[in-house]
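Here's a solo chain for you in structure tokens, the form predicted on its own.
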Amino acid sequence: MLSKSQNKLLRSLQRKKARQEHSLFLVEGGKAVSELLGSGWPLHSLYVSDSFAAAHRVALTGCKVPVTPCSVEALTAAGSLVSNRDAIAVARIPAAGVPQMQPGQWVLALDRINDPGNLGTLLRIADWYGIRQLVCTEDTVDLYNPKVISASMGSFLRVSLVHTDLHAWLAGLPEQTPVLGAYLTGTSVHQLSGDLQAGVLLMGSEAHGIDAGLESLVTQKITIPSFGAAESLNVAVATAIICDNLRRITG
């Protein structure tokens, strides 16, 4: 059963200030927690229903952190999900990393993505297309927001995300690094050169687009051709379309 102090901690971690203070974040739901258990990610504590405990007995036996049995009602009340019948994990936030530009790889750069659901979905899209590094502006939503973690469906375990000064990072890239910026006008993604084997894909929010201060660092403006009357596409949808076309080129 959850104690008052445990419940207070779980509820507090829905706020960024508490996550930063404790260097902890929440992972909620059966699928996400089960993936977390198999990932080796450092944990602080676990809160599990009887059914989750029975289904993951071996994994939980090997845990070196406290495991607290909870009712479904207690799990739901303490977390951010509408309903949670399985588990909540409190995981440790690692030290901030440095963005890595690996040879032969694409990096997804994000400018001012403020919606947690969008950022979580972008992590899933990057994971699907084999992109292992996201570099975000410092005012992009916090990776460890519970809604980001939930929407990522476990992809945060496989994709590295760093918040940094995006202008300085792009300016410091090696010369000749392709930086593709998504705009309403530019080269159609259906006509991208086969020479584009790696680089940076820069995406802005649907509402604001890419900040004007980053435009000078874009080496090629690209666009998704429209065949209807919609004014714009959600950033996650647009990113998926562009990544699919990049993979069509690179194989």
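It should be emphasised that the depicted structure is a prediction, and the values quoted were computed from it without experimental measurement. Throughout, we count residues from 1 along the sequence that is shown.
Although it is not shown, the form predicted together with another copy of the chain is what the next lines describe.
- Interface residue remark: Q14 is not counted as part of the site for another copy of the chain in the predicted bound form, having no heavy atom within 4.5 Å.
- Of the heavy atoms in W169, none are within 4.5 Å of another copy of the chain in the predicted bound form.
- Using a 4.5 Å cutoff between non-hydrogen atoms, Q6 does not count as a contact of another copy of the chain in the predicted bound form.
- With a 4.5 Å cutoff on heavy atoms, I125 counts as touching another copy of the chain in the predicted bound form.
- With another copy of the chain omitted here, the record of contacts in the predicted bound form names 150 to 158 of 150 to 158, 107 to 115, 92 to 100, 134 to 142, defined by a heavy atom within 4.5 Å.
- Shown here without its partner, the chain carries G40, H163 and G194, none of which come within 4.5 Å of another copy of the chain in the predicted bound form through any heavy atom.
- Contacts between stretch 206 to 242 and another copy of the chain, counted in the predicted bound form as any heavy atom lying within 4.5 Å, involve E206, I224, P225, S226, F227, G228, A229, A230, E231, S232, L233, N234, V237, A240, I241, listed in sequence order.
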